Every structure is written in C-alpha cells, then in structure tokens.
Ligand code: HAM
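Single chain ahead, written as structure tokens, the form predicted on its own.
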C-alpha cells in the first residue's frame, strides 16, 4: 500500500485519463470559440464573502474555506459566476457588449464523493453579459446543445429542460403570496422532484402548513410541459407581467425552433435551480437514458453584477462539468481510445548513427513533429520493435550502411514498406509523408 494517497474526492490523471479529459476540453473550447465567445481565467482562491449569501445555502455548506496567513477568510472557488460578475463589473464600461466569455477551469466543493460528483472537478463556464433579451438565452442554450452534440450525442441521449423563475414568481404573486413566501416556495419547488412533499417542510416551519388548495395549484403548475399549457394555466390572471412573460417564452421557443433545436428542448417547470442569484429563464441538460441526471445547468442572473458592486448589467450563463460528461461518453461508447504515440521513431546504429540523427530530430521537433529516439543504445532489432509498438507512423533508420551512402531509410510502420532519401531531404520527406503530400 502506498505511503501517501490522494485526498478523498480529488482525482489523479495518469496520461491516458488526462488525454480523455483534454478531449473534453478541446471540443468545448473549439465549440465556444465558434460561437464567438472569448476565453478568460480567474483566481482559484477568492474572498469567502464573494460566495456567502451570493450562491445560496447549498453551496455555503460545501465551501472549502479557511483563514489564510494574512488573517483573510478565503475559499477555493466552488463555481465561477460571482467571480465573472466581479471581473466584468470592474471593467464594464470598457468592454464591448454583449460580453461573451468562457472559461475551462477547476472548482472545489466539500461534499460526499459519489458517482458523478467529486470534491475537485472541472467545468466549462459560458456567460453573456449586457444582453437583456431572450437572444442571449437562445445563444446559450444553442451553445450548450452543441457542447454535447460535438461528441456524438443526440436528442436520444439528452434533453434540455427549460423553466422560468420569473414566471413562478409572477404566478405565485398572482395567487396572493408575498415575497418571503415566494422565495421559500421556490426553494421547495427546486427540491420537489427529489424529496416529494418533504420539500415543503421548511416552508411549513416558517409559515405554517401549506394550504391544500394552494399546494394543489403549485403541483398542477409543476406538471406543465408546453407553452400552450402555460397559457391555459395563466388565463385567469391575464394582463401585465404574465402576458409579457408569455411573449418572452414564445420568442425564446420560436428562436430555438428556427435553429432546429426544438427537438432537444422540453418545457419543465420543475427546474428552478438552487443557486440564490438566478432570476429569469433557467435550464438543465439531463441524461435521458441513464442515472446521471443533470449534465449541465444555467440561467439568468440579472441582479448579481449590481449586487457585487458593479453596474446594473443583465447576465446569463451555464456550466457543464467534466465528471458526468466523461461518464456519459463512456456509457455511450463515445469516448475515443487515446494513444499517446509519436509521429516518428528514430533507430540508429551506434554513436555515429545517434549523432547523425540529432540534427534531423531537432529540425523535425522545431517544426512541430513529435519525434522519439532511444535515450540509451539498444540492439538495432530492439529499436525497430519498440518503434512498431510505439504507435508511430514512421521510422527513420540511421544504420551504418545508410550513413556510408549519405542516405536515411524511411520505413512506413503501417504499410510496412520503405524507401531511402538523401540526408538533406529528411525533414521535407517526413513532412510530405505525415501530410499525405
């Protein structure tokens, strides 16, 4: 047994595992860039106050927080949204709008490690600041869908469940509830799918048992799965904010349909999102076939930049994690087998062959070709066997006979044929071989 082991919930990435994670990062980054998002980065250590009462009770209980040597209360970041809001707010007047930013980084939450959840995890975060209309929500949902389909996933594998905290607030207000009761019920509604009626316990502790008629209306609203059903349910309360909100819904769904994304999206008012700062439309990507549940989530947080001391700037975003994403791709057979193979392997005969190969090795590496050679002298046959086993496409052979004639032998390790080229032509011949020229 090793003397030291990694801490619970913190992962180690041996080369093959890191190649799989880098595959996620590479496609996420490519996708975000095609949507016109620009990449940024931020500290992993933040003031504790940035997250307390900003992210919500659930995250507050999961913080890796401590007092540093300067007496500051600090935390390993559990998410990125408050940080992004702080950064944007500090330079909002100098940033061209809409501000479309993304980040791929590591985050930390002190919770029980289990399938799909670790204490250390990585996420893609994508956010749009400065656009109040549903156009930003459409763009983010389209990006989320593309971040999943880029790996070969289809509408048979996942769905994006779409809801609206503003709609819930307006509806509950129309039923006669004050702001405090609305907030408490939103927390209960967010937990109802997991806990059932037990989700209303905290509400009952604060305000007494939930009226049976009111509870029935809330549960009926939870069952809504389409815009026509929303319109029917709200008909008795038509006018004002609710009518305007239904118009936003129509514009959002029409935009997604025009992008040919309607097949990925389902209206589900049971999605409320537990983070305290969410305001309007919220959404989550769910695994349709398995037990991974939420793959990604996000929504509107129009008030957070201002609450953190910045200007009044509308905002929306989402995050998708590498843990559940990796598990999903493994389950669906969509995670490629990664071979950390060189492009070229060199075999040489003795010290003269090694020194003769060095100029070509250095030239090829400087041109971006991955080249490996034996660091210590091996029998010539063992070198060629190692080249075959490496997964390389090409071997360069610097044997005594070749050196005497001023040539190098190029052996195609896939097709098993070879040819000789003059020493000075080696870099160009390798480039032509690798590019298929």
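The structure presented is a predicted model; accordingly, all values stated were derived computationally and were not measured. Positions refer to the first chain, counted from 1.
The same protein also has a form predicted in complex with the named molecule, omitted here; what follows describes it.
- Among 248, 111, 343, 173, the residue placing a heavy atom within 4.5 Å of the named molecule in the model of the complex is 111.
- 118 is the sole member of 287, 118, 139, 190 with a non-hydrogen atom within 4.5 Å of the named molecule in the model of the complex.
- Residues with any non-hydrogen atom within 4.5 angstroms of the named molecule in the model of the complex fall in just one of 258-266, 203-211, 120-128, 327-335: 120-128.
- With a 4.5 Å cutoff on heavy atoms, residue 295 counts as touching the named molecule in the model of the complex.
- Although the partner is absent from this view, residue 319 contacts the named molecule in the model of the complex, with a non-hydrogen atom inside 4.5 angstroms.
- Though the partner is left out of this view, residue 277 does reach within 4.5 Å of the named molecule in the model of the complex, counting heavy atoms only.
- The closest non-hydrogen atom of residue 231 lies beyond 4.5 Å of the named molecule in the model of the complex.
- Residues are counted as partner-facing when one of their heavy atoms sits within 4.5 Å of the named molecule in the model of the complex; in 369-388 not one qualifies.
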